[in-house]
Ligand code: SAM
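Only one chain comes next, encoded as structure tokens, the form predicted on its own.
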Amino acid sequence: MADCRICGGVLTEFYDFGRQPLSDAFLEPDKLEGEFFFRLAVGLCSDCTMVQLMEEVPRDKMFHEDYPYFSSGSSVMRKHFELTARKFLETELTGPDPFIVEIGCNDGIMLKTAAEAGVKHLGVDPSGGVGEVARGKGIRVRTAFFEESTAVEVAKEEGHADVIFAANTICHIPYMDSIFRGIDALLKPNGVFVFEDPYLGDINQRTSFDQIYDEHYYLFTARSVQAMARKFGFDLVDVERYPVHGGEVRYTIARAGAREPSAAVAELIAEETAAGLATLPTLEAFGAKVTKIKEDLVALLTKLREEGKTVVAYGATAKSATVANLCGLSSELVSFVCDTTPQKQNRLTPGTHIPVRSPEAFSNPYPDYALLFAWNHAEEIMAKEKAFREAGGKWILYVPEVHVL
């Protein structure tokens, strides 16, 4: 693929992560045959500056009945989405019979607060398993992929929405033309489309390259989102930065001319321009730093193995697939990965086939070192596992560079 999925411009590849698996496809030990792989490479559009994957993974391979990620697993994220819902309740959902729709509602972590406030709501999510969990909390969920046809049906059955929200979802969806036609069909004239996703500025600054995997098709900036919105007849009217998931931006989109853009939009775009963010020299320099992290991490883990040290990993995250497969990790270097998600336990990691165990295995006995795949929750995890440090254990992190704590 050489054409931008947003504007049709020319894509220039700037880094190839090689052969990668589905990031959330944790395998049963006796079912390794037929594992899906693809080439994970990223490119820059010379016209609209959108950074995107060079190859698209079919959506039904990634998002399905057994999708194993549950947003409510983190107390930090529970608080973040409660505050998000309360902000909408105080600003956009104040009129008569307000209606909020969430694209990719997962287990209902955000809509729960809106539902408890008595606000009409609907989650749209293709993954039936997490949808059932949300329904168990009293959340209304439609099990489907959000696209133009879905939005038209929802508008006909439910009416038009004051807010359409998505968190860590829009960057997953290559077909933005259908998404924006759906937004146009479902959104009220003065409604807002609000989404938050990992921010290329933070990914570049921290060299958090594991934010690049099959599900993250786009890596957004304010400039590229502004260009995308304009192409489809909308305006970017506000941006807000958040520290969650290693650094995200929340983008607020409105119909063209419906709202005055905040000063924050121009300010963030100016910062991006000054930093040369979406330029090939900057992104190629990012790639060089990724290669160094790969080399340093493999060297450290190899040295620890030769010294007879025990190393396990903490957090069987989707993004860990990128670093594990890029580095060619195996159970010889990392004995196992511990994770709190029951759906991942007693399975093997995608591509590298490292065993995943329950958190109880982490302290039975404690390893000498723990490779923190879930580095974006480092503060929360380290506070929870302070006994590991007290027992002499050390954490290995690789963002922004390989270091030991």
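Heads up: residue numbers just count along the shown sequence, starting at 1. Quantities reported herein were computed from a predicted structural model and do not represent experimental measurements.
Beyond the structure shown, there is the form predicted in complex with the ligand, which is absent from this document and is the topic of what follows.
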query	finding
In the predicted complex, segment of 252 to 260, 103 to 111, 156 to 164, 281 to 289 with a heavy atom within 4.5 Å of the ligand	103 to 111
Interface membership of Y175, the ligand in the predicted complex, 4.5 Å heavy atom rule	yes
Contact flag, A144 vs the ligand in the predicted complex, heavy atom cut 4.5 Å	yes
Any non-hydrogen atom of S127 within 4.5 angstroms of the ligand in the predicted complex	yes
Exercise: N168 in contact with the ligand in the predicted complex, heavy atom 4.5 Å	yes
Heavy atom within 4.5 Å of the ligand in the predicted complex - the one residue of Y69, Y369, F362, F336 that qualifies	Y69
Answer option from F193, F81, Y199, Y217, heavy atom within 4.5 Å of the ligand in the predicted complex	F81
Within 43 to 63, the residues that have a heavy atom no more than 4.5 Å from the ligand in the predicted complex	F63
